[in-house]
Structure formats: C-alpha cells, structure tokens
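The chain below stands alone and is given in structure tokens; this is the form predicted on its own.
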C-alpha cells in the first residue's frame, strides 16, 4: 500500500457545510423530460409513441449499440412529446427528448433480477441485468457500468470510489450514511461478477459518519475501508489507483489493463437495486447547494426539472448563476428548465457576482505545482493560446483531466482549463478534418488509379484486338490463297479433261 495520497492537487474546504447530511425524498414530479442522447454512445431510438401510456421502469428508448444502455420511464403516465429540448450541456444546444406527464400513480412495470440469492446467478446474466437497468457511472463520467464489468475479466482489485472530492457535493456522503447495507451488498455483487480477490472502499477522511456507517455493515474479509486525505482531485480514477495501490496507469492506458476496476459508490448502490431489488435506474440523489440557499440532498426522479428540485430548499430572491456538477469541473447552465440526468450529482445556485478580470500570466509556476497529473499547464497555456496543437501534444495535452486545479490557483485569474478544453476540441477537429482529407485523397488516388488502370486495360484490349484482327486477316488471306489454288487446280483438271475428250 502507498501513503494513500498523490502529488499535486489542492485542498479546498466545503464552502457550504451542513451540520447533518440528510436525504429529502422529492415528491413525484408532474412531468419528466428524458434526453435520448446520453453522455456516451449513440442517441437512443424511441420505442414508444406520443399518446402511449407507460409504467415506471419501462424501457422507452434503446439503441442497437451494445456499448449503450436503455432509457426507462421514471414515472408512470402518458408520453406527451418526442421532440428537441434544452438539456444540461455546456453547448446549450437542444437534444431529442421524451416527455412524460405523470398520472400520479407511480405504477411500476414487472422487472427481472437475481434477488438476494445472487451467488447462484452467472456472471453474464448479472451483467445483462446491469445493462438493462440503465446503470452508468453516477459520479459524473456517465460511462456504462456493464461495459466496464465486461472488460474486467482478469480483475484482482475492485475499488469503490466514495471520495466525492468536489467541494460542496454531498450526495455520495449522504448515500453512504443512509444506505450502508446496500452499498456493502453492492460491493459483494461486484466481487462476484468480477471475481476480484479484494475490494477497497475509498473514503475521504472528512466523511467520518459515512466511514462509521459502512464499518457497521462491512463483515466481509475481502472488503476493506480506506480513508484518504481530503484533497481535490482524489476521485480521479488513475490518481485513486496510484494512491491506493501504487499502480501507474500509463498515458492512453486503462485500469482494466492492470487488473483493477473502479466503480462509483452510487453506481454500486444502483447495481444492488438492479440485481437484488430488480429496480432499474430511475432516480438518483442530488445535492442542491450554493450561497443562495440552504444546502440539501434530495432523491429525485430522472427527468425532473432543475426548477422543481431547487424549489425543495429555501432560495433567496437575488439573481442567480446555476451550475451542474462540481464547482471545479461542472457545467454552467442558463436555465432551470433543464432536466435532471443520470450524471447530475449536484446543482449549485449562487448569487451573481462580477467576473474577475483576467490579467497576463506572471509565470509564477503555481499551476505546474498543483497539477495532479504532473503536466506543465503554463507551457500548455501558451501553446493552446497560439493554437499550436502539435506543441500541445508534445506536452501531453490529452492526459489533462480538466480538473481546473491550475485555474483555481492562478493569481491572474486565467481560465487555463478552458484553453486546454479548446485545444482538445481543436485537436479533435484537426484529426477529423485530416481523416476526411485522407479519405478524399485516397478516393482521388483510387480514382486516378482506376482511370489509369482502365486506360491501360483498354489499350491492352485494343492491342489484343488489333493483333487478333491481323492474325485473322493473315489466316483469311492464306485461306483465300489456298481456295484460289484449289479453284485453279479444279479448272485445270476440267480443261485437261475437255482436251482429252476432244
């Protein structure tokens, strides 16, 4: 074991602490809006129509892509629309969604699962349950859980990420405090699926209530609880593996390559719900916090509007800014009419403040010191600003996890991470453009090759025809000469016969 920490990062106290971490059960929404485009994979195709009545937990959209998960109705009611609506995404663009109006009954569809006797279920059956239940990484990544589990064929260590390193976010803390039995049972399910020899539940040392709650229900010798120093960004997968196991995941590599599987603690609880309680993912715990309200955690149905969720707590009357996710890596949203998605772990509601003016870089090197990946943000900044993507790649741009530690400590208030995000997007565009250029060049070269080949084949064919014609004409001439000889001989014989008879 290592010393359970990593170099770099920043220590940020929770700016909006609460005395007791509770979970409020949000009332059933009157309407939900469920996006068809999830964080990863292709857009799902609706398998219901406007006017259809659906039940809670019913699959309403799916895709043929095995990488993706289906979308379930989070309430029972009537499908009122299948159209484009604004979703919580940094682009601010609209996406195809299914709207359902509640009938107030919350009638569930009959579902399948292994039940408490899951040890008699085979690995693939349980992975299929996880996929059909629509479970993804609920910490914010949104990566399909069944895909991770399918790749974990040589897994020796399972890591359950309960660090929740983003300041202000409390949903995982609340989950571990109030549902410790389900979390531990979910870990045992994952141990059975992966065949891992051991599991580590990682918790930051400022979550003592959650740690003690899990200790009370953790009686499996293969499961251990490890506390880490409260430091941002301890929850990043590669950093967590390094801190716990002292295993380096190389650039471009994956944890599965090293026999390690990481799962968010909320995803682990969702897997318990799917396998034991036979319930698909239709709700999640969301933290509502910020300096404009009293922070709370609420369990809400997916598709509920931000407005309704924010309305569960007391909000002041000032003008507000809204942000989904963490204060460091989250996404700013312009309206509260967007829906809660699977990756919505937190909503920040802050009083509007003037934006701090950006100054010139003073080369203080603070950004280089705090980078948890060990990059050189200052050099990356200059090259990204100059759109020199090749140089950015030389400084390992793609290894940047966009944690914003560099932006946080910058005394010049430069939004460094936005430059890196822009450079990544530009690199991807250049790669796409280059791919299109390569395809166009290959098509042109193949066309030129085809035309030249056709030209050569036609020339060869014409030469062969010409030669065949010459040979035919020669044969015809020879045959004609032979025929004339025969006629001459025949005429000579006739003449001789006449002379003999005269």
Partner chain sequence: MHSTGLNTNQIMRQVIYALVLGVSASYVFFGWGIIVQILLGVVSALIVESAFVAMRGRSVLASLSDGSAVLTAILLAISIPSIAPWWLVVVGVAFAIIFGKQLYGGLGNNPFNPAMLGYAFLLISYPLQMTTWPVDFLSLSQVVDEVFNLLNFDGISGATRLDDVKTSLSLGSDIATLQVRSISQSWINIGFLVGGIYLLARKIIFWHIPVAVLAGILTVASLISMLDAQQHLPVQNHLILGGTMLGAFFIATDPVSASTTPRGRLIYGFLIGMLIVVIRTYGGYPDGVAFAVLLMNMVVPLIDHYTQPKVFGRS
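As the structure is a prediction and not an experimental result, all values here were calculated from the model. Residue numbers count along the first chain shown, from 1.
Beyond the structure shown, there is the form predicted together with the partner chain, which is absent from this document and is the topic of what follows.
- Under a 4.5 angstroms non-hydrogen atom cutoff, the partner chain in the model of the complex lacks residue 109 among its neighbouring residues.
- Though the partner is left out of this view, residue 242 does reach within 4.5 Å of the partner chain in the model of the complex, counting heavy atoms only.
- Mapping the unseen interface onto this chain, residue 359 counts among the residues with a heavy atom inside 4.5 Å of the partner chain in the model of the complex.
- Although the partner is absent here, residue 86 is not a contact residue: none of its heavy atoms lies within 4.5 angstroms of the partner chain in the model of the complex.
- Only one of 269-277, 171-179, 396-404, 129-137 places residue heavy atoms within 4.5 angstroms of the partner chain in the model of the complex, namely 396-404.
- Among 248, 307, 431, 101, the residue placing a heavy atom within 4.5 Å of the partner chain in the model of the complex is 248.
- Residue 376 is the only one of 343, 331, 389, 376 with a heavy atom lying within 4.5 Å of the partner chain in the model of the complex.
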